[in-house]
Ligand code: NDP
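Shown below, as structure tokens, is a lone chain in the form predicted on its own; questions about how it binds or moves come after it.
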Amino acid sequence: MQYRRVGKSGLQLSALSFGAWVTFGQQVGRSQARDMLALAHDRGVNFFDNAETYNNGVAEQLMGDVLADLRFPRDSYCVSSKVFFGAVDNPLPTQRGLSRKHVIEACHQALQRLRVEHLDLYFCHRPDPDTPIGETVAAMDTLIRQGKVLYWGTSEWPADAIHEAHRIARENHLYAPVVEQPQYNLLHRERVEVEYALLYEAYGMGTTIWSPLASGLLSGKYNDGVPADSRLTQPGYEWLRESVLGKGQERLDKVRALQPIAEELGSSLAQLSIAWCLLNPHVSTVMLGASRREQLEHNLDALALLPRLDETVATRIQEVLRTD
């Protein structure tokens, strides 16, 4: 395993990490979760990602129970939560968003579900138009000073809102966000590569990127339709299916054109897509999702491909992506 600093912070995360989105508590039960967390930890993964909204807290509870079962040394892994959407259906205004009340209460709830004394990373899952950014920054600062959170960050915030959070933190001597958690993959690049470019230089922020396979599209598994066991068939994720498959034929054509490059390298398209994300020096970790042990094992093997992604291969990939 390789380890990378989260921006300019001292925290080092495994280049590949493991998240619970969609899978934990829906496609993955306790025994499967235990098996995959054990595999990941054995392979050097030291970051496990979660959120209050994942299956309304069930994903966090499942992960917490399994981590307790496995008894990993607490200093051998990092665990995260994210706050914004709430952990109940039809949340009241005080059960969602980034108000001081919800940020702090959601943190306490996440600690209980995950069965830990502190969160290593705590993300604001989306920007909240109903809460002043200063209130959220101050709430995160409080949690850090209390020792309940070690580092905080944002997820899918626009760059101007992140700049504002840093300005407020600087002027009021508060802890600022050190990390952003955006979607990033071969088909979704502009925010990480263009919009956030100044954030890396100005504040030394890192990224923990999600959906390196574009929710499975970059594995090639949707080239001939949607398998019955896919996450795109899960109830409540119709929006995800539309996001992945509702953008026309062009993206599928690009996926098919990338396949021969992967085959020439002796890898799968999924492994190529994951390794490609790590070519970006501002990617602190690539978060993997999996519903089966063999799927996770296969994706973890992507790290071995990274040294072979030279300038020639990167140029060929870029030529495919530019194809109209």
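Treat the numbers as computed from the prediction; the structure is a model and nothing was measured. Counting begins at 1, following the sequence as shown.
There is another form of this protein, the form predicted in complex with this ligand, and it is not shown here; the text below is about that form.
Undergrad: For the chain seen here without its partner, which of 119 to 127, 86 to 94, 159 to 167, 104 to 112 has a heavy atom within 4.5 Å of this ligand in the predicted complex?
TA: Of the stretches listed, the one contacting the partner is 119 to 127.
Undergrad: Can T136 be called a contact residue for this ligand in the predicted complex at 4.5 Å between heavy atoms?
TA: Because no heavy atom of T136 falls inside 4.5 Å of this ligand in the predicted complex, the answer is no.
Undergrad: If you check in the predicted complex, is H298 within 4.5 Å of this ligand, heavy atoms only?
TA: Heavy-atom contact with this ligand at 4.5 Å: present for H298.
Undergrad: Might G216 be said to contact this ligand in the predicted complex, defining contact as any heavy atom within 4.5 Å?
TA: Answer yes; at least one heavy atom of G216 falls within 4.5 Å of this ligand in the predicted complex.
Undergrad: Residue-level contact is defined here as any heavy atom of the residue lying within 4.5 Å of this ligand in the predicted complex; does G19 satisfy this criterion?
TA: The answer is yes: G19 has a heavy atom within 4.5 Å of this ligand.
Undergrad: What is the one choice in L258, L278, A290, V66 with a heavy atom within 4.5 Å of this ligand in the predicted complex?
TA: The option sitting close enough to the partner is A290.
Undergrad: Sequence order please: the residues of 29 to 63 with a heavy atom within 4.5 Å of this ligand in the predicted complex.
TA: Heavy-atom contacts to this ligand in the predicted complex: D49, Y54.
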